[in-house]
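Just the one chain here, laid out as structure tokens, in the form predicted alone.
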């Protein structure tokens, strides 16, 4: 079977699954200045953004285990997220207005993610400041873990969290991606 036929059949399957209400997780990949991104959404909203270095196949397997095995490449559900990410990378968007599905985070990690959304474009906070804002001033390492396991990087901007000495610290997308994002936002 040639690639065009495969693509057409996949699109037809995704449309039928969406129409029949049996598509639990839709995903697509998009190119970006920080590499290929995998975007995944449930009916509730965007549930996962993953960098290529996070192994997209492993991410999809995890979504199938944790959310639902009914996962299909169905780009239509992710058109708005794709558009907004494009605007962000073009410098035309400073925050995202998307429904988000936080089911992959709980407890303190969810408290951290909730605060991260409040760190404005072009601003940074230290891990210690985020720990305090999330209600546990001594949980600085746990903030690092919450950022490292953030299922929605870029949209929930964990790249805006830096070390107390101002150095970048780690990032799921890699240090180059974090540097690029912070440089872009500082311009």
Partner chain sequence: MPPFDEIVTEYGAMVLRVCRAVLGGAAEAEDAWSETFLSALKAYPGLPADANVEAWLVTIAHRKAIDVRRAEARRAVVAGEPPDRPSTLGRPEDWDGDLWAALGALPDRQRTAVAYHYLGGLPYQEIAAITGGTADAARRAAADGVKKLRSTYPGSHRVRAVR
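Numbering follows the first chain given and starts at 1. Owing to the predicted nature of the structure, the values given are computational and were not obtained by experimental measurement.
One more form of this protein should be noted, the form predicted together with the partner chain, which is absent from this view; the next part is about it.
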Site test, 5, 22 and 72 vs the partner chain in the predicted complex, non-hydrogen atom cutoff 4.5 Å: yes
The partner chain contact in the predicted complex: residue 10, any heavy atom under 4.5 Å: yes
Residue 31, heavy atom within 4.5 angstroms of the partner chain in the predicted complex: no
Interface membership of residue 55, the partner chain in the predicted complex, 4.5 Å heavy atom rule: no
Residue 1: touches the partner chain in the predicted complex, heavy atom cutoff 4.5 angstroms: yes
Contact residue in the predicted complex, chosen from 148, 133, 60, 142 - any heavy atom within 4.5 Å of the partner chain: 60
The partner chain: the contacting residue among 64, 162, 119, 128 in the predicted complex [heavy atom, 4.5 Å]: 64
Proximity to the partner chain in the predicted complex (heavy atom, within 4.5 Å), stretch among 148-156, 38-46, 134-142, 22-30: 22-30
